[in-house]
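First, one chain by itself in structure tokens, the form predicted alone.
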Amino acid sequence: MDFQLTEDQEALQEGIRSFCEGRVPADRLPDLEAKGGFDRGLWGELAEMGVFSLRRPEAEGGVGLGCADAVLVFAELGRRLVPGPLVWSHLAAGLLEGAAGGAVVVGGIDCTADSDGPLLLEHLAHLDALLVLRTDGAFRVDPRAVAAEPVAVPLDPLTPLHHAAALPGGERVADAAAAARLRLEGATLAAAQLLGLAEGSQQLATAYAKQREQFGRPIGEFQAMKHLLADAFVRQELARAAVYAAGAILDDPSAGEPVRAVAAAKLTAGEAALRNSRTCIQVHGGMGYTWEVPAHLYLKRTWVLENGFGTGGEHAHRVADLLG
């Protein structure tokens, strides 16, 4: 399988990267936090860029690309910590009218796995629709019909949470097979965001190591620091291979086993993002633990994404079962 990007893919990646760097620089994150992690204006611009309609057919107003292209876009969104229910609105583009164009903001929750844990809904106050994945299908729920209490201090300050005791039944918009496919695609796009987090935190740590001096030398010249940053880069590239493979295999299942590829991507990218964000905090030293340095946001977003569309433990067991 050839993982070299085509010229069109490179242009797509560069376009999204340039947009994110211009519209969501690190110094704008506090403003987004003050808005509850959501900005309607930014959301509309993301829709205009084709983030939500990326995989819709051109005949239906979409861009007509595949999962292999979508992972490039979502990795860039993750690298810049772009907030919002990005994956869910992308998944809903073919199911709910208005989602592809950004007019309808769609969030969601995966209820396909047996769990007695709390029902935590992200960005509930900003949603126009809630997509619920269950074993018997996908269901549209009116967010206003959900009885939920806001979480006073969410783990990620850019991902507000509400705790619900139960969810309404909702309107069925897709069958069980489609819901299972949506879960696979959602896990792949979440893995792509985790890849972006691994890359972003590694780049932040490397940039700081080049400029921070100790004993008259940049700390990046010290051997121990080089080892930390080299390991972070290796983890990032390993995750990239796994995520790119998952996207390609979802587009062409004859190239591999989709369930195993997606599970491996989510597991590998989650591990890379977790360890790289911790390395980023370590490289920054005492500054790494302060609110002003965005290193903590990479770690917190990683914890949020790791628990979406299957935890790391679930995917590890799935890979082991499929290998056995």
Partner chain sequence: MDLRDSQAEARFREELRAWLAEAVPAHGPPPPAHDWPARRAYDTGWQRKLFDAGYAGMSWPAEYGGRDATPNEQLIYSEETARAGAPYVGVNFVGTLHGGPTLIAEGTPEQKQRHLARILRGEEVWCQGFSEPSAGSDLASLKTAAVREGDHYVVSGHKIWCSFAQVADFGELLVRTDPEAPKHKGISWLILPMDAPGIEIRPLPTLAGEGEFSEVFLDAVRVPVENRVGEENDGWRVTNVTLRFERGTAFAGELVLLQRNLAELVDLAKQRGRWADPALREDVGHMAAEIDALWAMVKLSVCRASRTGMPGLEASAIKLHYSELYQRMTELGLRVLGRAALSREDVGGLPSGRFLAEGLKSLNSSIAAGTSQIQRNIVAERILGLPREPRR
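Predicted model only: the values in this text are computed from it and were never measured. Positions refer to the first chain, counted from 1.
We do not show the form predicted together with the partner chain, though everything after this point is about it.
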One stretch from 93-101, 135-143, 159-167, 199-207 that, in the predicted complex, holds residues within 4.5 Å of the partner chain by heavy atom
199-207
Decide whether residue 179 counts as a contact residue for the partner chain in the predicted complex under a heavy atom distance cut-off of 4.5 Å.
no
Using heavy atoms and a 4.5 Å limit, would one call residue 174 a contact residue for the partner chain in the predicted complex?
no
Applying a 4.5 Å heavy atom distance criterion, does residue 271 contact the partner chain in the predicted complex?
yes
Residue 307 within 4.5 Å of the partner chain in the predicted complex, heavy atoms:
no
218, 226 and 242 - do all three of these have some heavy atom no more than 4.5 Å from the partner chain in the predicted complex?
yes
Could you work out which of 264, 299, 46, 63 is the residue within 4.5 angstroms of the partner chain in the predicted complex, going by heavy atoms?
264
From 238, 125, 119, 155: within 4.5 Å of the partner chain in the predicted complex by heavy atoms is 238
Heavy atom within 4.5 Å of the partner chain in the predicted complex - qualifying residues of 4-42
4, 5, 6, 9, 10
